[in-house]
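In structure tokens, the next block holds one chain alone, the form predicted alone.
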Amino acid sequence: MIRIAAVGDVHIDKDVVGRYRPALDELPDKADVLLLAGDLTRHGTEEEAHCVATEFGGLGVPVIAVLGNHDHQSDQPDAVTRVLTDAGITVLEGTGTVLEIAGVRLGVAGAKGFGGGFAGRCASNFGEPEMKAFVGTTEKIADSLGEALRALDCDVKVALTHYAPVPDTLVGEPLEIYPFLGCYQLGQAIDSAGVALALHGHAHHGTERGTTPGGVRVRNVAHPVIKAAYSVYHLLDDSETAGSTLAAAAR
């Protein structure tokens, strides 16, 4: 059994530091790895990244992350990534990593993802340069995720994104903003690679559970959805448990 703790959309700033830590300090007894599904900061500054590093560094389990849209707001994603990496957090963007856990090789590939919408209600790579650039970005990121997932040499694979790969986990959000919360291309990338579990954030008012067209479990781990410091998902035995609650954490 592999125990995967996950949370996204923690939006850490200096006034949030310390709120998650008591629950996070329990992680080694409850999970084998922690996955962070983006929007780790409020405005994507280097200063906020140091706050994230303080909160999520040195936990006693590996920590793997992708960035979210908030982490790009100040146009400092490289600085944010560098600070997190220096704190021992692995940051993925069209890349993957493999861990050995209890004799099982766990592969995680991740990418931020992007918008575009879902089958029947999606943007197309046609028309004005601005629209083609928008959808081209979506396709490029999804392609990089698929390539990273397929390249993993492991026993079990997990996909980690910020944007949603399916509409199931967006239920509760206004339909009008679905195209800005995820895209079907991410789901296609996940279905191309024999993935066991896909985790994402971004949809604060969405739903936790969904499934790709190919049958992969999808979980929205945005903190406002799971209402916990993290949720724990078990691979190889199909059970899931809620993590330690953290009612006071920032949304």
Partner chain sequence: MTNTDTNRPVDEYVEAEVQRLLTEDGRISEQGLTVSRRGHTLILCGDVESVQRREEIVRLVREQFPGIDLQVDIGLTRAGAPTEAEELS
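Numbering follows the first chain given and starts at 1. Since we're looking at a predicted model, the values are computed, not measured.
Below, we turn to the form predicted in complex with the partner chain, even though it does not appear here.
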{"item": "Distance check, residue 69 to the partner chain in the model of the complex, heavy atom within 4.5 Å", "value": "yes"}
{"item": "Residue contact check: residue 200 to the partner chain in the model of the complex, 4.5 Å heavy atom", "value": "no"}
{"item": "In the model of the complex, residue 224 touching the partner chain (heavy atom, 4.5 Å)", "value": "yes"}
{"item": "In the model of the complex, residue 204 touching the partner chain (heavy atom, 4.5 Å)", "value": "yes"}
{"item": "Triple contact flag 106, 112 and 190 to the partner chain in the model of the complex, non-hydrogen atom at 4.5 angstroms", "value": "no"}
{"item": "Heavy atom within 4.5 Å of the partner chain in the model of the complex - qualifying residues of 216-236", "value": "217, 219, 223, 224, 227, 228, 229, 230, 232, 233, 234, 235, 236"}
